[in-house]
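The same protein chain appears twice below, in two forms, each given on its own as structure tokens and labelled structure 1 and structure 2.
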Structure 1
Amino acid sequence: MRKAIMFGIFVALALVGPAEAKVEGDTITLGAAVSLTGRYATEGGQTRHGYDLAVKRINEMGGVKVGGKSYKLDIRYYDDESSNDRAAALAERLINQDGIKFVLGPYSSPLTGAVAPITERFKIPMVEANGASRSLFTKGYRYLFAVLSTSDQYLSSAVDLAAERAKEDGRAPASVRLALAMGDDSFSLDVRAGILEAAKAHNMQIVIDDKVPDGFTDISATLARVKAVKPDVLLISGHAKGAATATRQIAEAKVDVPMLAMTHCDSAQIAEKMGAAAEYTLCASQWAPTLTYSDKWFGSAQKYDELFRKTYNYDASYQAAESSAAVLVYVDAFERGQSLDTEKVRDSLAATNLATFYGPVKFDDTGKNTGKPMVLFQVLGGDYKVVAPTKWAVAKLVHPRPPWSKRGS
């Protein structure tokens, strides 16, 4: 009986729409359901650190100035446990029970996809930093805004780089043969779609196209095929767990491939944790501290990285950086629009044209950030060095990767 009563109360709350804005005294409270446990716990923790560092910085600089008043920022968190259903339920809780008017996104495309219909239904803006699936931006959402590049761009840049290298070596790009090992989550499937589009543009051949279960605990079967088929490029996407699994098993099996590129290298900390096994891997990234981006809050990208490291004792991943940028986008919208009304903030967000330490942010009509490109790191000497695009390169690409027999171990 008690459960039935509580359910009735919850439904009643859902039907009356948003509670009063969570602006109490001099504090604006944002809301976020973030993966602090479950399969996305690593990236979820980095997401929270990024949000928290931005809030800390904004508050130290005097807060948010709206209507002649200064407000501090705060964030109400819940652990979505890396579950789509829980993320959706928590978004509804934030809006209906906690009175949250402005939502920060969860980690991952699936969880963002679970939360977006909730924020859209209640006309609550959500600025998200970690849902890159392009399918999120084909549904006509008006209240969803993403600071990151979409997932189809992650490894298409590696395909373009392979074509560039082929030309430099006197080969036709069409002669380049690609092998794919993709997770079966929506993000990785979008990464795959971007690879296929880029490959088609260069007339490249896909010689291996394997789908790996979302757990991404074993790709030995794919690697056996890579050793037999000998592709020119091996492309891998499976979040932090996939990057860790692939790096370890490629080293264990001594798989030689001229170019190896994957997503989530930095969040998996392959350079820091796996040493020589990670060397010469190309890593798709939304951001790098060596880029020449800057803003009035953190200064340069390098200064952001230094502050993040000092605060959390590890280098800032792009997941953390883009999460901080999402908070800055809200601050800019509040101050530029001089309002905390959800509709006015939504309109201010849509008109965003902002320079940040993370890169430029400018939204198109679908809520995608059209201002910022992806970059490629290569692990060199135990560090991540930007090697592409050439405009921002700080090191020369090592290609082909040296065979294991010449690495000494």
Structure 2
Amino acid sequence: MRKAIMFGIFVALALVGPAEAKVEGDTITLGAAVSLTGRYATEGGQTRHGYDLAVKRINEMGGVKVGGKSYKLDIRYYDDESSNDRAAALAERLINQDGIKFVLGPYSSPLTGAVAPITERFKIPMVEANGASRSLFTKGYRYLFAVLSTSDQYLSSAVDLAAERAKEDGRAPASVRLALAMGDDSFSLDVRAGILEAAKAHNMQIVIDDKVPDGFTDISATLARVKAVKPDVLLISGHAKGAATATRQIAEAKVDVPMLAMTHCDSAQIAEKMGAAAEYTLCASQWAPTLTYSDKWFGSAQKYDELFRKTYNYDASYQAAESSAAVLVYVDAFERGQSLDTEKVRDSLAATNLATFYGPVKFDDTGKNTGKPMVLFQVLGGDYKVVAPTKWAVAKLVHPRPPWSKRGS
């Protein structure tokens, strides 16, 4: 009798075939190709730590409960060497050879863009945490879900903030003049598109619109023009190297501009490494440990940060936090749908409406998270303080930035 039941289950499994999850005994194995070597090695490592910490926490709390049974979580990793081709090949390998049915995203938009067509072809869900490019969400992908805010939102918040400040100072927002120095990578071009939209909404004029070539090693020509044209806002995007280059050269050339905002200051660690040069810079960020988000797994954003530091001996970056959140989104979908069938999990994912320590997660039709806003830090006293949106501000925005001649050195 027992054998007959086992046989029945076996046949059922065989019939259901590829749609059934990779479940060995009581373990659900997720799959991820992340960059452990190559240009994204740092962020890739943080992504992996984020995934691992969430898996560890879920397993400590008794695992994932589906159909009255508790499953442990596990992740199969490969190193994609920061290469698009490698990432795509490894995604196929995860799905075809390793039988992985639930994929976690790689680091960066280009790599996510390389993996998405594969997961789409095999109808395997991918929850990703580190591909913010909006081009990912214009291709009609059904199985792609992203927990982070898209890249066009990074600096549009700074444009809105500038408009708000102009109104407070009794000026028309339309009188605000913007200067842009954007890298020519796809992320920065998205950031630029978002800025242009916001600027158009406020009827602002863009007086400098430079695209900085790959490498972002020198923007002194652009800065010379900023000094001459005197815009109200200088916006910079070029990953960590762009933030570091800009911070250093703006301080060196003593460029005075009332508002300076950039992306990736936290990954470039400008406050920690560049001290006074970084002061008063606005930094766009997906997440901050001081935000008052909470959930049942990690408690609060702050508790997550503490646990992360205890486990890995460095502060949780937003890259790590959003990666952890991606795992939580899967767990929520498994438990809410009470199924490990890929189609049912996909539908549960699409219906996600989840509060996490990383912020609210709610996907629109294209799979991007529309629940969570971007935050702006300002570097104040060598620390990153949230100054916008006002709801989560822990410090008051210092505006305009004091001119260099009025500062200490």
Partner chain sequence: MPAPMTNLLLFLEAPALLVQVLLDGILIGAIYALAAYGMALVWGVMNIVNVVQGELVILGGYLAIMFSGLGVSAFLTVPLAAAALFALGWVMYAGVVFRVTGKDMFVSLLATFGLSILIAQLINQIWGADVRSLDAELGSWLILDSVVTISRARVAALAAALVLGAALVVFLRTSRLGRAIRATAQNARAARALGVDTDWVYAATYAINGAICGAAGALIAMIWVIHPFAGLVFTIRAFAIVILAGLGNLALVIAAALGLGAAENFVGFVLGAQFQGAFVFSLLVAILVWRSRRLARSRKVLR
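In this text, all values refer to a predicted model and were calculated from it rather than measured experimentally. Basically, rigid core = biggest C-alpha set you can superpose within 1.5 Å across the two forms. Counting starts at 1 with the first residue of structure 1 and goes up one by one along its sequence.
Chemist: Have a look at both and say which one is the form predicted together with the partner chain.
Modeler: That would be structure 2.
Chemist: Which of the following, Asp332, Gln286, Gly50, Leu104, is found at a hinge in the chain, given the rigid-part motion between structure 1 and structure 2?
Modeler: This hinge corresponds to Gln286.
Chemist: With the larger rigid part held fixed, what angle does the smaller part turn through between structure 1 and structure 2, rounded to the nearest degree?
Modeler: That works out to a rotation of 10 degrees.
Chemist: Report, to one decimal in Å, how far the Cα of Arg401 moves between structure 1 and structure 2 once the rigid core is superposed.
Modeler: Its alpha carbon moves by 2.8 Å.
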